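Here we start with a single chain on its own, the form predicted on its own, put down as structure tokens.
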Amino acid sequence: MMNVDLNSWLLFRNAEQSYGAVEIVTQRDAQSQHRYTYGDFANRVRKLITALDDLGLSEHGHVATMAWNSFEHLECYFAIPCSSRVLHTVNARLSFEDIVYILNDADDEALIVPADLTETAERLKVRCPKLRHIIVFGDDASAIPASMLSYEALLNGAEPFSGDRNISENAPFGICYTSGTTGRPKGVLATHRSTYLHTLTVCAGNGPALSASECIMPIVPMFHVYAWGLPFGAIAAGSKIVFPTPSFDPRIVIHLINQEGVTKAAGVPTIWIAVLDELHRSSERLDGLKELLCGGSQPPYAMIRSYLEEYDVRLLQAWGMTETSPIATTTRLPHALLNATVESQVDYVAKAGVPVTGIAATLLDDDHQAVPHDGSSMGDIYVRGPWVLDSYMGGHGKESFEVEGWFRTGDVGVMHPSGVIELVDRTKDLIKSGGEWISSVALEGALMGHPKILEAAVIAVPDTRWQERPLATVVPKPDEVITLEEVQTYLLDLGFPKWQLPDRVEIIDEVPRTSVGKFDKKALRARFSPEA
């Protein structure tokens, strides 16, 4: 067999040669839109490679992008690693101090930003001495400070790079940092090989199954674990790509799905809850949409069922994290369930699913002993595979690698005899009441099926008698009022034991979000968990 390196050029070249007429659409705002083809994209990628070379960046220099979803950001996704440099996607919604820490920790030499982040970039340049260049997206040269470089001017002045580069598959490809919810963010370094193999999963049937027949809308931010690898998979497979507006608007999302023929769309559960609420309010349809790709946290059972029964749209849940690049398991419906009841299908999809090919998973107890796969015994979830990290940058987080050859994910779950993993909670979000564990995830999923509740998040609050007790924070639907008694009765009717029921319900206007759209339980605990 030929010894061919698995690198970014393998992903890029086929798109350039075979899918030149496929469209890439970027919705700038409610009125304006950018539209071009893979052929245009490929030519600009080659120009950007030349421009990066002309800037004198080191061979494997780290180039950061701090940007929203757009065609320019997609160009960076390929030009930076194809130039043999390292793509570092930075979450613009993190605190300024965290961004300073991340840029310095990663030794970034250049930073690429959209025009609306130039003020932040100027402040970063002062605090990040290794940054040599700041490059700004945008056609309006007058909006770009004199101390910065125009992205468009760089491309306009560059000749397309010809040929390709001989890059080892084990060379560094990209850097993503964890969200830092339990301490400083930690860097995860991907290789060309790991990214290529993960891309195959994005295109595989048990994964998101991207192909030339699909039109994908990644609502998940491109600064968050490479938008789950979907841009790489889409380009490799020749899928049409539609980027929505940087500011999420469910009305624009629905319009784009119908106008552009989107067949698959990807986002966290809070996105799909909001879209479903808008669909109910507006009586719009979802023409052509086949599948929602959902990750980040467990989607509510009622939401999965509503999309399936009301709009004939299935949901594919994927579980993983930055450290797994991120896809580790999926809930592609088995053949045996294709003709099963809706309840059985939704119940399957609501779990975390089974590991995709290439990933191994196991459950271990506190003594690192295997936990029975009986669907009830809880354990810490460990994974291994060719796109799972073997260490954090700088040697941080060594406690996650105490079991040789495995990564401890920080999630707690049960494994069914069939091999299906069901998440119980993040370790830090489990509620220990009277020596027994209560899953906040299970309570939240159930509560969001209540006809009066739009969103719900459950946290632990200190209790002098039981150590901890569950508190439910609830966002009612418009013009609805809900009481603690209604919540408790509803959960009892669903089969929750009395000792697991929340002792307290707090009505809130909205659940706070993290920078990637997940429920921010850290903020809720700070607000509602006074010392017992």
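All values derive from a computational prediction rather than experimental measurement. Note that residue numbering follows the sequence shown and begins at 1.
One more form of this protein should be noted, the form predicted together with a further copy of the same chain, which is absent from this view; the next part is about it.
Remark: of stretches 331-339, 100-108, 437-445, 139-147, the one touching a further copy of the same chain in the predicted bound form is 331-339 (heavy atom within 4.5 Å). Contact annotation: Trp406 falls within 4.5 Å of a further copy of the same chain in the predicted bound form, judged by heavy atom distances. Proximity of Glu260 to a further copy of the same chain in the predicted bound form falls within the 4.5 Å heavy atom cutoff. Interface residue remark: Glu169 is counted as part of the site for a further copy of the same chain in the predicted bound form, having a heavy atom within 4.5 Å. Shown alone here, Tyr307 lies farther than 4.5 Å from a further copy of the same chain in the predicted bound form, counting heavy atoms only. Cys203 is the sole member of Leu117, Cys203, Ala302, Leu155 with a non-hydrogen atom lying within 4.5 angstroms of a further copy of the same chain in the predicted bound form. Contact with a further copy of the same chain in the predicted bound form, judged by any heavy atom within 4.5 Å, is made by just one of Pro160, Gly394, Gly419, Pro451: Gly419. Within 4.5 Å of a further copy of the same chain in the predicted bound form, a heavy atom is found for all three of Ser213, Pro355 and Gly358.
Contacts to a further copy of the same chain in the predicted bound form (heavy atom within 4.5 Å) from stretch 15-31: Gln17, Ser18, Tyr19.
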